[in-house]
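Given next, in structure tokens, is a single chain: the form predicted alone.
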Amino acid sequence: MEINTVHSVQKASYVSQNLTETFDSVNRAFSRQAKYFDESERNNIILADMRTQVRDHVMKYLKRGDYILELNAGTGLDAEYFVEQGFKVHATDLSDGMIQMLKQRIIHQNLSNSITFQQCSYTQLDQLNTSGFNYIFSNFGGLNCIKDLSQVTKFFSGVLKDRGFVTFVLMSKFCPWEFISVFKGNFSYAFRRFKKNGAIAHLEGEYFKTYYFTPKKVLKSFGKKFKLIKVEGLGVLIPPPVKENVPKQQPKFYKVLKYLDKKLRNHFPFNRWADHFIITLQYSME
């Protein structure tokens, strides 16, 4: 019994150390990216279309006066949008650089009455300086940097109001645009998302592991008090944002893909076979 206890403590310490190292790399990478993050967004038609789809999804479940907790808020693009729609946001992020840019946005846009911010990891939500949220939101795969989502979701019942919603936007296990690399002989790229222990991501000179999810695995991390409301594919047929030249060089082709994407993204299996998927759940205290 004692041996098992010691082993468990050592394992927990090892996991905690690895997570800290990962988050340190993530912090450095996104801090370097923060300076030109908004400009990259403005120049990327695909990314802008995807962000619009995510916002439209979330707006279906928000009610007047709702208070939003945003995880991985970045420079505050989504936070500012939701404030413009009449909501209040508590924006959190791990990255020093992103928090600095977020602070500048709040000052320049005079948003201090509607957006509060706090630098913290999504594994430290017990340190939040506010609670009573109606909605928890995380966009574009920030949560793919952790293998076990229950390390995040375990805090939700303490900060989310009854009947509140959660929306995650996560990178999925299967992306058609990556899988077609099989036909080019690039098997490592085609199957990278299926690696059990995560795939190595490279960003701004930093290397860290990313993990890919299925809606079933996400749902399992929430527990019985959360009910699945909807799963929607994000980037089913339109190319991923790294293919940003496609809409500019082949606008008609992109328009057709976008039309078909909209028709398919709410239906199985296409709501799971996409670059990302949007998953929304509702919390009940009962």
Ligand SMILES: C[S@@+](CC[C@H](N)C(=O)[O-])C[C@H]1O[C@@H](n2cnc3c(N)ncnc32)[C@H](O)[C@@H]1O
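Since the structure is predicted, the reported quantities are computational estimates derived from the model, not experimental observations. Heads up: residue numbers just count along the shown sequence, starting at 1.
Here the subject shifts to the form predicted together with this ligand, a form of this protein not shown in this document.
Proximity of A73 to this ligand in the predicted bound form falls within the 4.5 Å heavy atom cutoff. In the predicted bound form, C120 approaches this ligand with a heavy atom inside 4.5 Å.
Taking non-hydrogen atoms only, M50 never approaches this ligand to within 4.5 angstroms in the predicted bound form.
Under a 4.5 angstroms non-hydrogen atom cutoff, this ligand in the predicted bound form lacks Y81 among its neighbouring residues. Of the residues V26, I46, V218, V58, just one reaches this ligand in the predicted bound form with a heavy atom at 4.5 Å or closer; this is V26.
In summary, among the residues L170, I115, I136, M98, the only one with a non-hydrogen atom within 4.5 Å of this ligand in the predicted bound form is M98. Residues with any non-hydrogen atom within 4.5 angstroms of this ligand in the predicted bound form fall in just one of 158-166, 141-149, 107-115, 126-134: 141-149.
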